[in-house]
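Consider the single chain below, provided in structure tokens and representing the form predicted on its own.
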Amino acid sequence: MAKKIDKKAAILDAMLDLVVKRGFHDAPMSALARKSGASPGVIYHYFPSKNDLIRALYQRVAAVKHRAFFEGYSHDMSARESLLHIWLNAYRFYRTHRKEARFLDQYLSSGYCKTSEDEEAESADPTVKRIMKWMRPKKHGGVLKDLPPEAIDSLTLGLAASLAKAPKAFSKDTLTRIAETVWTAIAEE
């Protein structure tokens, strides 16, 4: 059984590399077979179609991202502490998981993008539910200023992702100050 899991993982790893380097449309199954060492028949055994393969890769990358974002998170944290903690984790994820981040960028702007099934799975997670409750405007029971969701996203995770792409790494003190500034910018206190 371990051999099957290794082959499936090798296929997903190879597809991640191909998509990051060449994009979705220039990642043919023939190149995937060469890179993964799996025959097309084996690839199709695990993934009946390229869409199924890309979806499985998205689910794997999304799980890695979720674990990274919530590493060390505690339900005892206040909304402010949660945002600071998750923001710092997001920066670290985007800084250390560059292939996964690049894949997500491509995936989210592609025709393969999330389905309602993915969104339902995310919204069922109790931790995500709790955070999403806070991440509403104060007039709707949250802790945020009444800003468009796109602005909140840009000021929070978008900023963490952007800074992580910078050539130099920022110190933990600088990152903490930035995260605190983000909180001040978005929170209605």
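Since this is a predicted model, take the numbers as computed values, not measurements. In this text, residue numbers run from 1 along the sequence as written.
Below, we refer to the form predicted together with a further copy of the same chain, which is not included among the displayed structures.
Chemist: Though a further copy of the same chain is not shown, can you say which of G158, P137, P40, P28 has a heavy atom within 4.5 Å of it in the predicted complex?
Modeler: The option sitting close enough to the partner is G158.
Chemist: Which residue among S49, Q59, T127, S154 has a heavy atom within 4.5 angstroms of a further copy of the same chain in the predicted complex?
Modeler: The option sitting close enough to the partner is S154.
Chemist: Candidate spot S74, M77 and K172, all three in 4.5 Å heavy atom range of a further copy of the same chain in the predicted complex?
Modeler: Negative, none of the three is within 4.5 Å.
Chemist: Pick from 66-74, 28-36, 145-153, 127-135: which stretch has a heavy atom within 4.5 Å of a further copy of the same chain in the predicted complex?
Modeler: Selected stretch: 145-153.
Chemist: Looking in the predicted complex, any heavy atom of S110 within 4.5 Å of a further copy of the same chain?
Modeler: Yes, S110 lies within 4.5 Å of a further copy of the same chain in the predicted complex.
Chemist: Report yes if any heavy atom of I178 sits within 4.5 Å of a heavy atom of a further copy of the same chain in the predicted complex; otherwise report no.
Modeler: Yes, I178 sits close enough to a further copy of the same chain in the predicted complex that at least one of its heavy atoms falls within 4.5 Å.
Chemist: Within 4.5 Å, heavy atoms only: does D105 come near a further copy of the same chain in the predicted complex?
Modeler: Yes.
Chemist: Can you tell me whether L53 touches a further copy of the same chain? I mean in the predicted complex, with a 4.5 angstroms heavy atom cut-off.
Modeler: Contact check for L53: no, nothing within 4.5 Å of a further copy of the same chain in the predicted complex.
Chemist: Could you run down 22-47 and flag each residue that has a heavy atom within 4.5 Å of a further copy of the same chain in the predicted complex?
Modeler: Counting only heavy atoms within 4.5 Å of a further copy of the same chain in the predicted complex, the contacting residues of 22-47 are R22, G23, F24, H25.
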